[in-house]
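Just the one chain here, the form predicted on its own, laid out as C-alpha cells.
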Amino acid sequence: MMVAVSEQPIPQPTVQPTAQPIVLDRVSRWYGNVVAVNDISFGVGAGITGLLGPNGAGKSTLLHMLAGLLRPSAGQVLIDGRTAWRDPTIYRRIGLVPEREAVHAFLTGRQFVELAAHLQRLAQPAVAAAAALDTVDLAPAANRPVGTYSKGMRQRIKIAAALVHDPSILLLDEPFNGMDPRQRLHMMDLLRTMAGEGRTILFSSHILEEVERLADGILVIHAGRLAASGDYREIRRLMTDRPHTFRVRSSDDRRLAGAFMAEPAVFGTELSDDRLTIRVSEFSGFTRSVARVARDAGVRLLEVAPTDDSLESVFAYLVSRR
C-alpha cells in the first residue's frame, strides 16, 4: 500500500527531551460515532511493557497511532518528543509488527525483509536483511516464498522486517501468534536482550501468561480507556476493596489460624490437610505482621505466598469494575 505524504513539514510541539520515548497526552480516536480510544494519557520508557485488553478495547488503534499511521482525533501522540502523525523522521526509530497478515505471499522471506531495508534507505540492505533473518532464526528458510511459511514463520518474518533498521522503539501487536513453544521462548529471549540494550518495547497480547513472564509493567485498556498502568503486582496490592489470599505452611497450622483470627485485618482462615489459607484486607499490613503473629504463637513459618497475586486476577478485577 502506497501512502501519499505531504511535502509540508508537520508543526512540532516544543517538548523537552524526556526519559520516556513514548508519550500520549489525553489522546482520543473515533470513527464516526464509534469511540475507539477515549482520553488516554500515559508514558512508556525503556524496557518491556505489556498492553492488555479484551478484543475491541482499542489496543491496535493505539499502536497504529504510535506508529504514525493513524491521526488522533484529539490529544497528542509523541515519539521522542515529536508528533507521530506523518513525521517521516520517526519511522527510522520505530519498528511495527501489525497483527494483520501484511506479507506478500509471492516474495521470498529475504526479498520481503530486503524490501523493508530499501524503504528505510539503508546503505547495505542485503547485509541488514541477512542479519535480521538470522536474529529471528529464519535464515535457513530465507529463500522460500512467504506463502509456504507456517503462521509462526510469517509472524517472525514480519518481526525481521521491523528489526531490519535497528529501531530504538518496537511496537508489537500480538507478536507471538502462531509460534510454537520453542519459537515463543526464542522470541522472549530476543525481546529481553533488546530491552536490556535500552530499547523501548510495547507489545499487546491476549495471553496473560506471556505478559506476566515478559513485561516489566502493564497498561490495561478497556472500552477505549486506560484502566490501570504500572507493575501488576503493585496494582494488585492497591486493590483495597478486594480481599487478598495467602497460602501459609507452618509447624502448627491450627494454632497459627487461631492466632490470626485475633488480627483485625484478617477476614477468615481455612485449614486443609497440608495448608492454611488466610484472607486479609491489606497486603502490606499482613506481610508486616505475619512474622510477629507466628513468633507470639510459638509457631515456625515454613511458607507464606499470595495465591491471587497473578496478572490474571488483576486483569479480571479491573475489567469487571468497568
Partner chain sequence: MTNLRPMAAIAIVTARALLGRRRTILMLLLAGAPILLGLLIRLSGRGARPANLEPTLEGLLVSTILPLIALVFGTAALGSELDDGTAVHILTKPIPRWVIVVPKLAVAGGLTAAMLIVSTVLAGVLLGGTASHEIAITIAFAVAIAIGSFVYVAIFLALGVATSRGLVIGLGYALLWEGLLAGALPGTQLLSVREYVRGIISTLAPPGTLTSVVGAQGFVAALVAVVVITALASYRLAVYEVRASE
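Numbering follows the first chain given and starts at 1. Values in this document were obtained by computation on a predicted structure and should not be read as measured data.
From this point on, the text means the form predicted together with the partner chain, which you will not see here.
Visitor: Do residue 120 and the partner chain come within 4.5 Å of each other in the predicted complex, heavy atoms counted?
Guide: Because a heavy atom of residue 120 falls inside 4.5 Å of the partner chain in the predicted complex, the answer is yes.
Visitor: May I ask you to state whether residue 214 is within 4.5 Å of the partner chain in the predicted complex, using heavy atom distances?
Guide: Residue 214 lies outside the contact set for the partner chain.
Visitor: With the partner left out of view, is residue 156 within 4.5 angstroms of the partner chain in the predicted complex by any non-hydrogen atom?
Guide: Heavy-atom contact with the partner chain at 4.5 Å: absent for residue 156.
Visitor: Even though the partner chain is not shown here, does residue 111 get within 4.5 Å of it in the predicted complex, heavy atoms only?
Guide: Yes, residue 111 sits close enough to the partner chain in the predicted complex that at least one of its heavy atoms falls within 4.5 Å.
Visitor: Just one of 88, 198, 140, 181 has a heavy atom within 4.5 angstroms of the partner chain in the predicted complex, so which one?
Guide: Contact with the partner chain in the predicted complex is made by 88 alone.
Visitor: Using a 4.5 Å heavy atom cut-off, which residue among 57, 256, 27, 66 comes into contact with the partner chain in the predicted complex?
Guide: The residue in contact is 57.
Visitor: Can we say 276, 290 and 299 each have a non-hydrogen atom within 4.5 Å of the partner chain in the predicted complex?
Guide: Answer is no for this spot.
Visitor: Just one stretch in 261-269, 280-288, 57-65, 41-49 has heavy atoms within 4.5 Å of the partner chain in the predicted complex, so which one is it?
Guide: In the other structure, the partner sits against 57-65.
Visitor: Can you tell me which residues in 101-119 come within 4.5 angstroms of the partner chain in the predicted complex, by heavy atoms?
Guide: Residues within 4.5 Å: 102, 103, 104, 106, 107, 111, 112, 115, 116, 118, 119.
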